[in-house]
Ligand code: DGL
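Here you get one chain, nothing else, as structure tokens; it is the form predicted on its own.
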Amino acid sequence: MIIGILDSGIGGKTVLKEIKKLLPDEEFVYFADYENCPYGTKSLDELKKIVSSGVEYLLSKGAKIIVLACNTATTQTVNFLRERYPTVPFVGTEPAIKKACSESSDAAKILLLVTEGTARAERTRELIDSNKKPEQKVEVVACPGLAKAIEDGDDAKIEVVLSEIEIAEKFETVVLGCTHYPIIRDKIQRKFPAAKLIDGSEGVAKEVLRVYQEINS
């Protein structure tokens, strides 16, 4: 079975790596939309057109499951895509807020690092409201330019963007809410040395496996 992976660039490879652990013998088609990277700065209408184009490409290559390996694309367009392509199984990548809230203490302070697009997505707020324990605090911080700097391998720019995240509070957990961010996990860990870092790649892989098994049952 061909599984399609869509992202604005290299970030989705962090998701692909986890999927391959569970489905090592399957065929993958990876669509890296370098022309429109980063997605986080795009309007909703732009993003719908861009992502739809990527989906059409993956379908033309025979993809039977399409993975949106991008938090911005998922939180803003996955419902639209499911309506537009009702017979296509989509697996999205959302900020791992559920995991962060469940694994953190009842009074934890949780930091969510995301793109601008994910920060303004209604779905992001829904995830927080539905998973946050009463005493937990979840702070959402957009990191303009970080995904693009990672995409470009611009270490100097990466350090500048991270230095601009000025937060006085100490956080128990930091959610890497963009698939590009795990690529610089070590740099983010140095920024928040006492925090546990969480991303959603493993959870996405498990969902892809579930959908795969359902199709083949």
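Numbers follow the displayed sequence, beginning with 1. Quantities reported herein were computed from a predicted structural model and do not represent experimental measurements.
A second form of this protein, the form predicted together with this ligand, is not displayed here; the remarks below concern that form.
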| item | value |
| --- | --- |
| One stretch from 187-195, 48-56, 153-161, 63-71 that, in the predicted bound form, holds residues within 4.5 Å of this ligand by heavy atom | 63-71 |
| Any non-hydrogen atom of C37 within 4.5 angstroms of this ligand in the predicted bound form | yes |
| Touches this ligand in the predicted bound form: C178 (any heavy atom, 4.5 Å) | yes |
| 4.5 angstroms heavy atom contact with this ligand in the predicted bound form for A100 | no |
